[in-house]
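Just one chain follows, in the form predicted alone, and it is written as structure tokens.
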Amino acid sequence: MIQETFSQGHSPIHNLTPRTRTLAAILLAFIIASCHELMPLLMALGGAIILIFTARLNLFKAGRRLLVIAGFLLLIWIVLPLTCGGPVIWQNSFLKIGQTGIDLALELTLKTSSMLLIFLALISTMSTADLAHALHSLKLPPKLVLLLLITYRYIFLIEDELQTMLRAAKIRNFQPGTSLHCYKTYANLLGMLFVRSAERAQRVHKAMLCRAFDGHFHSLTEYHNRPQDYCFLGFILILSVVIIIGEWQIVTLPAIF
């Protein structure tokens, strides 16, 4: 199962309704994605760090989540300064590091880090069922919400099926390798996995119909906005406006002068 490490807690963020957290995360993500200047992105990163501390997350575990994007960011810092051109700040033979590439790599790093921290603080602090409830309350198509829930539930069962078949193959003295026999064995395992998944899907669908499934999302928990939810949304709106104003002023000032 997916380890919902941060879903249990007693921080001010955990006490907010899932809809409030999801709406705030989506709003901030769109605003950060539209920014290009350094100062607004630094403000967004500062706001994301504030949310991390407000959620009272384990900093070590949160830092490990950042390692997921470390390889991607490292590749950006290697490729972009060498390929994007612009004013040359360092040159050795045919290698040239341009200022434009460095600026772009820094922009992508700040954007990626800010959005990841925001989603860690706001989205990872709720369970998958709560996230589905929030998406449904935000009028996301019900079929997408159900697809999220069913995928979360049954992807682990499919993994168990695969592990069972791999153990059965090893018991029969199957040794992984690069021979044609190994490729055929893997192809047969993959084919059987699809067949078993399809059969399980049909059984589950029939079982759901027997239990009066009508294609709509139903939750046993009802959430109602409280004063702290409105205060938090007010903070998010203020942060969003500050970021937008900072981006707008930096962009328009050179044009004025």
Partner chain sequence: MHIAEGVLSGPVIAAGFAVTAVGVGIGLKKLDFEHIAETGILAATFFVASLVHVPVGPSSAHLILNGVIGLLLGWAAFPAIAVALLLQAVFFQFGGFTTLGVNTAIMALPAVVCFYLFAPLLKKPGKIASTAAFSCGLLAVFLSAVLLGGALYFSNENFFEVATIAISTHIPIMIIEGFITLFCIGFLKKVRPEMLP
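Numbering follows the first chain given and starts at 1. Under this definition, the rigid core comprises the largest set of C-alpha atoms superposing within 1.5 Å between the forms. The model shown is predicted, which means the values in this text are computed figures rather than measured ones.
The same protein has a further form, the form predicted together with the partner chain, not shown here; the description that follows concerns it.
The closest non-hydrogen atom of residue 94 lies beyond 4.5 Å of the partner chain in the predicted bound form. Taking the partner from the other structure, the partner chain in the predicted bound form has no heavy atom within 4.5 Å of any heavy atom of residue 58. The closest heavy atom approach of residue 215 to the partner chain in the predicted bound form falls within 4.5 Å. Residue 187 belongs to the set of residues with a heavy atom inside 4.5 Å of the partner chain in the predicted bound form. For the three residues 15, 49 and 137, a heavy atom within 4.5 Å of the partner chain turns up in the predicted bound form in no case.
Scanning 178 to 195 for heavy atoms within 4.5 Å of the partner chain in the predicted bound form gives 178, 180, 182, 183, 184, 186, 187, 188, 190, 191, 192, 193, 194, 195 in sequence order.
Core-superposed comparison between this form and the one not shown: the Cα of residue 103 travels less than 2 Å. Here residue 87 does not count as shifted, since its C-alpha moves by less than 2 Å between this form and the one not shown after the core is aligned.
Once you line up the core between this form and the one not shown, the Cα of residue 174 ends up 2 Å or more from where it was.
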